[in-house]
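This text opens with one protein chain seen in two forms, each one given by itself as structure tokens under the names structure 1 and structure 2.
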Structure 1
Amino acid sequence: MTARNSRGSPFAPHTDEETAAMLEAVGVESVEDLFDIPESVRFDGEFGIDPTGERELRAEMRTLLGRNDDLTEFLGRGHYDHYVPSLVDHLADRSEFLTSYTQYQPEITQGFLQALFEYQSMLVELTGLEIANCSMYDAATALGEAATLADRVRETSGSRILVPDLMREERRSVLENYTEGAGLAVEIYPHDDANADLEALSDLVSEETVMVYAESPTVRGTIEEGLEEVAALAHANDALFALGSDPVALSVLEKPGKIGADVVIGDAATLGLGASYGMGLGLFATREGFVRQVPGRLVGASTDAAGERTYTLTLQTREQHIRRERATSNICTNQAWVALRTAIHAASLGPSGLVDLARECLEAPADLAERLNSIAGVRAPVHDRHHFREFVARTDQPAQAVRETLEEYGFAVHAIDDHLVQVCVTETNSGKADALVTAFREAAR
């Protein structure tokens, strides 16, 4: 190893002499003096990572990845795998789009800004609301921002946020983190056969309620049928109604803006990204009256001095850009590149292609549930509703045992209760449905 790399870091390749000169310049004796890291959390040891050649490293990674189970996933519950056309990679990977810096400057980034404007326009059309921002981290952060927006615009001393009991725990946890600092309380309303229990919700909602949240499709894949009633209950108490969904489902469902939604949140990464099990793309749309309360950024269209159509960031309500007391959110970045991928994927499908994809998401689970229901010891779907992408099945055998047996046959499903499993089917795994049914028949014995 050369003297330049003697400190062992390829990211700070300074010689000891260079480091000493910099420390002297800032007036400290050692690198450790630059940082205030408590002893209790300071790592004091060796990472044990030996220098490795590229060929050896590739071989090691192949061995490591080979330890993963090679399963066909029918998982769902927030992560949905759709086929992403290769043109998405080819266009999104162009060098003018790949940058570590956010595209602020309209004089050099018209292409990216136009793509984000198109993304916003797509969400406006799908949600029926007037305003959509150019992305957030994920659906959970978008929901948290919806709650704090409701708290700002709702003229009440109340602090209650009502959410469904079948909501994903991870999403609710992020919401609770968001609302704790704002002094809001997250409370749960029950479901009846995987749709909102409207009578129970009516008893819970009051003038103290700031926002009522519902999802369609629900976490169990059911289409929520009482959204207009949920919206009416919220509005009767001057609360906001927020709906969670995704762009594929919205292409065949009634526009949320028409049925009373004030805010629509969700994960738009169902287009353009595939199942990533971590990375998301939070969509956020709302009414024009709340435009100055919208978190994140808005890309707007205008006309330059030469009369040409132009795009620019027109609104950023975070404290780096406006006075702190007027900031509505401190979200400092977004998912611009993922939003670009979503916009490309949606544009490649077009309106009819998006609807065709959504129809597959309605038909495939209905067909698979019917076939599983014909197996002795299996009842599917558990909920007598229309489903989108996924459904819950009840098994006489313990759900965990069924899940493990299916794994032996090469399939992954969720066990969500003692005798409940959840199955998700899209165009990417529907070709393995026959084999899954055969495996289910063995698992249900």
Structure 2
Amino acid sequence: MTARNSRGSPFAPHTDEETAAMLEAVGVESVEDLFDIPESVRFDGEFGIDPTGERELRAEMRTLLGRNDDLTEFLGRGHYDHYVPSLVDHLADRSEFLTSYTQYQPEITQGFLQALFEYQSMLVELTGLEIANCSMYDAATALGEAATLADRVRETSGSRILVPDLMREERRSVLENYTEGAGLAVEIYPHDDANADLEALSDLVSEETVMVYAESPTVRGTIEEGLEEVAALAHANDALFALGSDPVALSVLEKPGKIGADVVIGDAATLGLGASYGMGLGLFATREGFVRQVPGRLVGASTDAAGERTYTLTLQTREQHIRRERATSNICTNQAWVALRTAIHAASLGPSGLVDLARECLEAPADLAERLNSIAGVRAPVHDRHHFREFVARTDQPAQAVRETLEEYGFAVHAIDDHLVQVCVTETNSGKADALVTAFREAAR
């Protein structure tokens, strides 16, 4: 009777003999005697979940996920598929990284701490701000955290958060959920040819404004050209200016810190994760003066008993395990491993690789838009701006019908309004651009 646990969890390593000896040591007859649960709430049923062998389960999962259609995606709008080198998987999957948790004991987790310190440092270079935390969930929740940070650091009382009408409504919904408890109101300012309408914004911003938010690239792929003016309008009213972006775009765009951004949020998983059904990595960088109000974890340099350089989580008194309801945020489990992936991906590209990738994100949509524009019944791009990764096209045919026809040809694009289609092109799908143009010609007919 030394068989290992043949009918229970395959990951509980006890032999039956061991189990018996342990029960004896504890002084009970059966494991059930250890459950101190009143009879009235004991569950004596079954979940009705059959155990499945690993081999069978892998086959079943292949079949299940195989129900997803094999489409070439020209989709973006806040979630982007950049090629992730094999190096990232192999290094990030090393089990010492993958199977560890938060670095509560820094002496034994120096490796992860150094990797997170390096991640923070890369974001400092990309954003031009002095500090970055070592991850939030995604861009939408990071935006929510930015708004509550603005509310905390702003000296005069105010309650308005201004956001562009051209942003994902899902992102705005998350922001509203994050800010409602703090008594903040989210208001919308209009756009002008897919950039902030500065005149309208100037009328809207007031001393009641806590934060003005803008995105570049915008959700329509346009590069925002009035960021310095937006920053100036915010600052003239003692409001914070928050910018949404991502590390690939930031590789070539002017440093947000230089043009007045107080907070940069975004999805950093544009590097490191690829298409993952919206899973992300919240980027959060801000000015040094706000450091004690920053949400989430921060890794700092220190020294150990021998005087050597080391790394540790720092300013933990901001966090919920110490400050509880007065914490800067409730975030505990974050996206640290995705941050590791992003750092490895960024390091593998290096500065020239990043600039090359970003250049392709500028050139590929310009090329594709020009080709679609030559199709009768299609105008592209709709907006007279510089584009990054994606652009909007107007179709004479209803956008939904164009989208559906393209899907029949094996391509996925966004239909964003009655006659507006949005197309995202990066290095992962540019090789299929010819085929898309051919299909588009049919779909737009």
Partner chain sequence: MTLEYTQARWNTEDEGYEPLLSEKNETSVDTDDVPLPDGLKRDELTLPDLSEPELARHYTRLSQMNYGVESGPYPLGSCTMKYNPKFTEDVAAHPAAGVHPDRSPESVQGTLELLARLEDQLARIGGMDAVTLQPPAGAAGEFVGILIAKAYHESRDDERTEVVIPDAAHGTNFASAAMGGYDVVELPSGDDGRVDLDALEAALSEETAALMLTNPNTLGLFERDIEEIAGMVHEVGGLLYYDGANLNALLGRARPGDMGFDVMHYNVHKTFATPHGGGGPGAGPVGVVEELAEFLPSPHVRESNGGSSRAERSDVRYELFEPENSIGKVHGFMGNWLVLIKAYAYIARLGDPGLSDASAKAVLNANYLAEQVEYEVPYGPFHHEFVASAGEQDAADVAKRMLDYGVHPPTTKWPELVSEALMTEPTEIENRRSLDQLAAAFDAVAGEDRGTIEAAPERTTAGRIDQTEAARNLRLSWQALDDDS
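Every residue number counts along structure 1's sequence, beginning with 1. Just so we're on the same page, rigid core means the largest C-alpha set that superposes within 1.5 Å between forms. This is a predicted model, so every value here is computed, not measured.
Trainee: Please let me know, 1 or 2, which structure is the form predicted on its own?
Mentor: If we ask which form is the one predicted on its own, the answer is structure 1.
Trainee: Any CA movement of 2 Å or more for A412 between structure 1 and structure 2, core superposed?
Mentor: No; that C-alpha moves by less than 2 Å between structure 1 and structure 2.
Trainee: Take the rigid core as the frame of reference and indicate whether the C-alpha of D36 shifts by 2 Å or more between structure 1 and structure 2.
Mentor: It does, since the D36 C-alpha is displaced 2 Å or more between structure 1 and structure 2 after the core fit.
Trainee: Comparing between structure 1 and structure 2 on the rigid core, is the C-alpha shift at S430 2 Å or larger?
Mentor: After core superposition, the C-alpha of S430 moves less than 2 Å between structure 1 and structure 2.
Trainee: Superposing on the core, what C-alpha displacement does D16 show between structure 1 and structure 2, in angstrom?
Mentor: Once the two forms are fitted on their core, the shift reads 15.9 Å.
Trainee: Taking the rigid core as the frame, how far in Å does the Cα of A59 move between structure 1 and structure 2?
Mentor: Rounded to one decimal, the shift is 4.3 Å.
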